[in-house]
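The chain that follows stands alone, in the form predicted on its own, written as structure tokens.
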């Protein structure tokens, strides 16, 4: 027999505004930017978002009682009409605490398709302690990775084998070896190199890890290879286990294309490896300043589910993010207690016992960009250059040496230009890439043609 529902109907899209409400430690708080559709106020659009992301729908219904509404309805407690920013506090009862997919399906789901908003962007989420305790976070974190690598203070230097796809297994291993002996700590696969007809994953891993061992013996330094294990889950697990069987301690996953639940499950298997997260596909929803999901939200979910190190932008490279945005994300994944930053739409956060992540800066980097990255991000960062190493006039070994020299210069208190006077590899790199362009006249049409 069907249960009878007693209801006093709640009017649709009303009752969610409560400026006197103060979020509790058990609330999940979201900050959104909203550009309402024509004819709808910011408060009206905010109430529609709060409703659609929780218990409401487009009309009043018998099945939503006033009692249920009082207990579960989210509270819009902050509205900034000038900036188009709102904040919503959600009861933890609206979520399955350990289920990233369900959480995002709520606060970052149907709201993006509503006709009541022209633009909407989820800028940040403040997770309550009751959520955080359900997640394992990074297995190693910053301190654990430094211990593995035997690098106590300086930033790490990394590279991506280039071309990112097209090399055979042996050629890939050879390029990796050159990067390591030149001074790189890390060598990684790129986002779209998995197991190809011309470059089998298992053969590549075997040969590259042998090259890594050789480089370690020759340099006396610990080195790391980050093979891309991204694949359907069963095969991904097999690939990760193969890396471990061959002595590897790091694996890379394409976090977003792989999927949150798959990454979370892989971390929960306790394979005792360092998880390096590539953010491929992120710009599909992070790039528009007014619509989508911010990189900050992506990075915080990665910390929750257990990524140890994550690409967050180049800071001064070829990627679109601004310096302050990258710095803000870096602080959010590294610090235990994160302060609110109104300028970058970052909410406060306390991570409790979850370990920190290492930020990876990459994308159009070369030696002259090392100093501003360290100044902005601090020492707990992986500075990763692809073309900025392999494009050196004397090749990969010299390119890796130049990047390492740029780091050494900063750590010793010299500018790259000063250090280059006695270090030829760095000198040649700066001569190729560190060229002032402020006073040059640029033909826009020519630039566009060249880009094509």
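Positions refer to the first chain, counted from 1. Computed from a predicted structure; not experimentally measured.
One more form of this protein, predicted in complex with 2-carboxyarabinitol-1,5-diphosphate (CAP), exists but is not displayed; see below.
Shown here without its partner, the chain carries 191, 364 and 385, all of which come within 4.5 Å of 2-carboxyarabinitol-1,5-diphosphate (CAP) in the model of the complex through at least one heavy atom. A residue is said to contact a partner when one of its heavy atoms sits within 4.5 Å of a partner heavy atom; residue 162 meets this definition for 2-carboxyarabinitol-1,5-diphosphate (CAP) in the model of the complex. In the model of the complex, at least one heavy atom of residue 313 sits within 4.5 Å of 2-carboxyarabinitol-1,5-diphosphate (CAP). At the 4.5 Å threshold, heavy atoms of residue 223 stay clear of 2-carboxyarabinitol-1,5-diphosphate (CAP) in the model of the complex, well away from it. Contact check for residue 278: a non-hydrogen atom falls within 4.5 Å of 2-carboxyarabinitol-1,5-diphosphate (CAP) in the model of the complex.
Between 99-107, 124-132, 154-162, 297-305, the stretch whose residues reach within 4.5 angstroms of 2-carboxyarabinitol-1,5-diphosphate (CAP) in the model of the complex through a non-hydrogen atom is 154-162.
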